[in-house]
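Single chain ahead, written as structure tokens, the form predicted alone.
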Amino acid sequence: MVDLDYKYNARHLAEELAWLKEVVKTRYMLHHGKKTSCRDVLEIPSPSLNGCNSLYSEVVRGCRLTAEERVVLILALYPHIAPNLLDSFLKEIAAEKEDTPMLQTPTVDTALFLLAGDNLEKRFYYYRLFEPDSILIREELITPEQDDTTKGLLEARLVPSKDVLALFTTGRLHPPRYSHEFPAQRITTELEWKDLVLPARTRAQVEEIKIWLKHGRTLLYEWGLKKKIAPGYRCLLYGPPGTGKTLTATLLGKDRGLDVYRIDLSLVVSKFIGETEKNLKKIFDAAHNRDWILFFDEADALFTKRTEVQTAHDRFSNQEVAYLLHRVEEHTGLVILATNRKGNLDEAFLRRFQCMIEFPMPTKEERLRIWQKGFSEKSVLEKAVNLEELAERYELTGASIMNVVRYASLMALNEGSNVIRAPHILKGIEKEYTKEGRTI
């Protein structure tokens, strides 16, 4: 078990920084022909990182980083965690008026200089550390950051990923902010499974998702099925609004300690060609290698059926669906789609769902349970309130019942009382019926 205490990260990073400082000094001495006990910087032993578990040591061991890779990683990290580390050394160089690579803002060239000096053969060899399939780049530990002012890879700045920097300094990931760049909001709940009233069949199917969240990694990696089945898990929740789809998604995340992000389709779907795919890419790229649950509410706005191509608009609309299908299928976590109308979704999506769960209108018995669970323990019902009769007479969803509970409770508070009165409940029901174009 990894100890997330930031103190252990600090201890191991301090050891790694001290090692980097020795590597820098030794390379400088070798470069200028000064006497040193080492013929190569990698003769300086890297820290063992023993004594305690930290996220840093787990990354080093889990990724099996070599000494060369560790030099690059800590070089990218040091300006962000110990920017004054090399101050005294830089003053010493300045006094001697001797050249030195860019150390305060490390680049790929800085890393190559530390590892290989002026040895061209070695420099070419270490270029592999910055190729797309290298462990540092593939696992998104660092990024060679290039902009309009950089002429090539050598001048690219070494930057640690935001996630890596957050993990190594605080022991936790910083959630992304809701914006046009990340059109998804983290949703949470204070409710528990016991508060969710569902039919037995629906609850049994939800249990299947819980089982995957618990054992999915074992299935893929320890049992070796990663090569045979697609990663991740895809589930469709369908049924009328207010029947518990969003609460189910949120409780699944709460149950396993996972963040649940509801995708804001109003910011995702665009009338401009190609913009919808770009917006979707931002979400899936941010979710890559994170144990997030992605929740697409009112999914038929985006996952609609593909049409026969008759216009350019049809062609681009179909491309959006195809792109979304591809990204959903390759996502390694749980993707939940919720819709009021299952029939509107593209059949290609339906074939790829591991489960499709119906959330029907609650029965009379289920409505009664929701009424009974709904009111505060600090309130009391007047004798005229008959919950069995309310459940029998008024066909409402769980969300609508809770809206009535809210309204009647507020009216009681406004009267300076804790007594829930029947007229207020009936008025609340009338308001809910009016929303749906019905009369009581």
Ligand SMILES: Nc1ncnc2c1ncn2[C@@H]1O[C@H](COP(=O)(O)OP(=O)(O)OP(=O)(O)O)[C@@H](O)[C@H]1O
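A quick note: this is a predicted structure, and the numbers were derived from the prediction, not measured. All residue numbers are counted from 1 along the displayed sequence.
One more form of this protein should be noted, the form predicted together with this ligand, which is absent from this view; the next part is about it.
**Q** Work out which of V380, A399, L410, C38 lies within 4.5 Å of this ligand in the model of the complex, going by heavy atoms.
**A** Contact check passes for A399.
**Q** Looking at D291, E155, E208, D195, which is the one with a non-hydrogen atom within 4.5 Å of this ligand in the model of the complex?
**A** Contact with this ligand in the model of the complex is made by D195 alone.
**Q** How about G117 - does it come within 4.5 Å of this ligand in the model of the complex, if we only consider non-hydrogen atoms?
**A** Judged by the heavy-atom cut-off of 4.5 Å, G117 is well away from this ligand in the model of the complex.
**Q** Report whether the minimum heavy atom distance between T246 and this ligand in the model of the complex is within 4.5 Å.
**A** The answer is yes: T246 has a heavy atom within 4.5 Å of this ligand.
**Q** So, in the model of the complex, is L191 in contact with this ligand at a 4.5 angstroms heavy atom limit?
**A** Yes, L191 is a contact residue.
**Q** At the 4.5 Å heavy atom threshold, is P240 in contact with this ligand in the model of the complex?
**A** The answer is yes: P240 has a heavy atom within 4.5 Å of this ligand.
**Q** Quick one: find which of 118 to 126, 279 to 287, 212 to 220, 246 to 254 has residues within 4.5 Å of this ligand in the model of the complex by heavy atom distance.
**A** In the other structure, the partner sits against 246 to 254.
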